[in-house]
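Encoded as structure tokens, the following chain is the form predicted on its own, with no partner shown.
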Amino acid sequence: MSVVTGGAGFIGSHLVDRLLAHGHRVRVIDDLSNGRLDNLSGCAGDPRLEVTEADVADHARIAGVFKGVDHVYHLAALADIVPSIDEPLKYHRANVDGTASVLEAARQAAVARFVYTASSSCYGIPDEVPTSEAAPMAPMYPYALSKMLGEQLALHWCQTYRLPVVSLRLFNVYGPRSRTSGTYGAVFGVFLAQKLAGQPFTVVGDGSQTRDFTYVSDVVNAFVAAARSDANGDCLNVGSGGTYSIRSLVDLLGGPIDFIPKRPGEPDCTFANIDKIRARLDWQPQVSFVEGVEHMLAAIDHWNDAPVWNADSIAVATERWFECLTPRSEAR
């Protein structure tokens, strides 16, 4: 029996599909603030699936869901940089208080394995590329800080209460079912909505910046491998084995470009050193960047109802970003 918090979300729903396909019973906890029940439509009616609509920070509400559970996959979180800058307390409650609540429920239920979903954003602007797990944590905005604090909580429950924990630091995950609504966010969703609308791609800076785009099925493989392993107290990067420029993504998607100002606090390159996860979990990425983009284009209709961003609307949405993250010496 497994619990997947955030199981109606992007990555969580793919993980639920995989666990059910492997014959597991699954309990999903999701408050549906970001997730959608439609993401679980492929397994609707499966008697092995139970869904509880609840806020993971409400410990009294969720504790009973963990009874008799072996594995906990904690994916429930608020994502995106922009709203975290405006609402840091909301992000702290969801990503820090929520993680403490889930950890304590897992401890009380004596679960065999707890897999935490960490973020590569915790590295900030790394000095080392590819970036290893030994690189210092340097979160640049409240979302990254909240995910780092959640990881520290998970490792503390491991140390103090001997709860078996593995933390997976995910790099730039993309794939079908990624969120289509809400604030300005991940580049794939922004670009695919623009392509459907026949609008130019809003490329930040000159587009030479690179990202370690990691396909969702590879991430799910890492979660399953972590739960099956004897790793304990480990933090492991999950990346694609490469890093790819935004311009190369535009070339694969095909379309005109509208360049917008480079944003402060963003790295020029994200690139995971995945030597540790290869050694500890015998895990390897399987989906190439080109294959992944082809899968996204095949599923492009998913973004039919997504907001279409342009240079002006992005400038409004990211105004606070520039205000808060521009170094003081440059802001004068």
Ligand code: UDP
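Since we're looking at a predicted model, the values are computed, not measured. Note that residue numbering begins at 1 and tracks the sequence as displayed.
Only in words, not in the display: the form predicted together with uridine-5'-diphosphate, which the text now covers.
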| item | value |
| --- | --- |
| Listed residue that, although uridine-5'-diphosphate is not shown, lies within 4.5 Å of it in the model of the complex (heavy atoms), from Asn221, Ser178, Asn172, Ser229 | Asn172 |
| In the model of the complex, the one of Thr243, Ser101, Thr202, Thr131 near uridine-5'-diphosphate [non-hydrogen atom within 4.5 angstroms] | Thr202 |
| Segment assignment from 233-241, 155-163, 190-198, 122-130: heavy atom within 4.5 Å of uridine-5'-diphosphate in the model of the complex | 190-198 |
| 4.5 Å heavy atom contact, Asp55 to uridine-5'-diphosphate in the model of the complex | no |
| Glu266, heavy atom within 4.5 angstroms of uridine-5'-diphosphate in the model of the complex | yes |
| Interface membership of Ala186, uridine-5'-diphosphate in the model of the complex, 4.5 Å heavy atom rule | yes |
| Arg211, heavy atom within 4.5 angstroms of uridine-5'-diphosphate in the model of the complex | yes |
| Residues of stretch 297-316 in contact with uridine-5'-diphosphate in the model of the complex (4.5 Å, non-hydrogen atom) | Ile314 |
